[in-house]
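One chain comes next, on its own, written as structure tokens: the form predicted alone.
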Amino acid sequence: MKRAARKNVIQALGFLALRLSMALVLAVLILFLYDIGSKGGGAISWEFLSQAPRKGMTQGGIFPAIFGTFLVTVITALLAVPLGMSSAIYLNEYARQTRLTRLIRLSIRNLSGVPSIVYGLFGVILFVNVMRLGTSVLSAGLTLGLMTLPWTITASEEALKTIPDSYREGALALGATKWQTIRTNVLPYAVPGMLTGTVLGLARAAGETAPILFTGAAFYLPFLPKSLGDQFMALPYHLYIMATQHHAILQVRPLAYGTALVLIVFVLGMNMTAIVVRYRLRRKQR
């Protein structure tokens, strides 16, 4: 009896610690969002969202930064999504589980923890200097795509692992080919998890500053990029400049908070999109 009572006490303390941790994280998140929202909400207007900066970025809006962030995120997705998902399918469904496969998988896991500034320096060497793409939207998007690849591969492979082997064995027993089995019995159930992990990785990339700092983002551009070879403005870099490098930091502080609020809404919007897509796909499967 004493042993059972002791286990119950330990379990209750464990649940209490989990609840306190969750409450602490939630409180910090609410405080953070309230601070950004209360100080940046006053700067939000149609002019702020639709016009270019003026007078040394002390007036006007941030539309070039919003457009640049959207454009570079699209390029990132075009590189990371097909390559990442295809790599995950090969690793989980086709590749033999040898020492080499485990080494590749371990390397991908480690790459997801490499600091983003290292990807930025790698992007400068590979895309800007070697491939001669220059500091441009394309170089920045490809750099962010490389940075997002390990996240996409890992999330997609974990989603594929959740599908029971009986789904595959049943289709193979009926004479389906390997690809037919994956296409009809595996991917429909794994895609919601694959998409969720991928969109979360893209949301992280959209908020990164270091990789685009070296490969394409500009301090100030009063116009939109006309091609993928042009430089661009981006919300994270614009916020960094407004908050730390501007010659009139106190004057532009409300605009900096407004930019931070727009960036948070942009990232939260991508996360909400992932949640909605996952919910609808799972609902169709029922």
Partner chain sequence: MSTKKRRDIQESAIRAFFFACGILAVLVLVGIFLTLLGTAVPAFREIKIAEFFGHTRWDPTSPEKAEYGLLSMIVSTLMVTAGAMLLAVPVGIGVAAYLSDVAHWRVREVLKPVVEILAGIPSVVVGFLGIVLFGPALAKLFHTANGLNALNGSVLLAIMSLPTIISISEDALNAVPKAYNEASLALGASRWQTLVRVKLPAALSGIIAACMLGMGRAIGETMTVLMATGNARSFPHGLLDPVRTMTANIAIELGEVPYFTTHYYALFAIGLVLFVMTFAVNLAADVVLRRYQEREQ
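These numbers come from a predicted model, not from an experiment. Numbering follows the first chain given and starts at 1. Superpose the two forms; the largest set of C-alphas matching within 1.5 Å is the rigid core.
Same protein, other form: the form predicted in complex with its partner chain, not shown, and the subject of what follows.
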query: Do heavy atoms from each of 125, 239 and 271 fall within 4.5 Å of its partner chain in the predicted complex?
result: yes
query: residue 189: heavy atom within 4.5 Å of its partner chain in the predicted complex?
result: no
message: Although the partner isn't part of this model, could you tell me whether residue 10 comes within 4.5 Å of its partner chain in the predicted complex, counting any heavy atom of the residue?
response: yes
message: Can you tell me whether residue 35 touches its partner chain? I mean in the predicted complex, with a 4.5 angstroms heavy atom cut-off.
response: yes
message: Contact with its partner chain in the predicted complex for residue 244, defined as at least one heavy atom pair within 4.5 Å: yes or no?
response: yes
task: Consider the chain as shown here, without its partner, and state which of 195, 163, 108, 133 has a heavy atom within 4.5 Å of its partner chain in the predicted complex.
output: 108
task: Name the residue from 73, 154, 185, 116 that puts a heavy atom within 4.5 Å of its partner chain in the predicted complex.
output: 116
- request: Pick the stretch from 225-233, 42-50, 248-256, 64-72 whose residues have a heavy atom within 4.5 Å of its partner chain in the predicted complex.
  value: 248-256
task: Could you list the residues in 246-267 that come within 4.5 Å of its partner chain in the predicted complex, counting only heavy atoms and keeping sequence order?
output: 253, 256, 257, 260, 263, 264, 267
query: Cα of residue 264 displaced 2 Å or more between this form and the one not shown, core superposed?
result: no
query: Cα of residue 27 displaced 2 Å or more between this form and the one not shown, core superposed?
result: yes
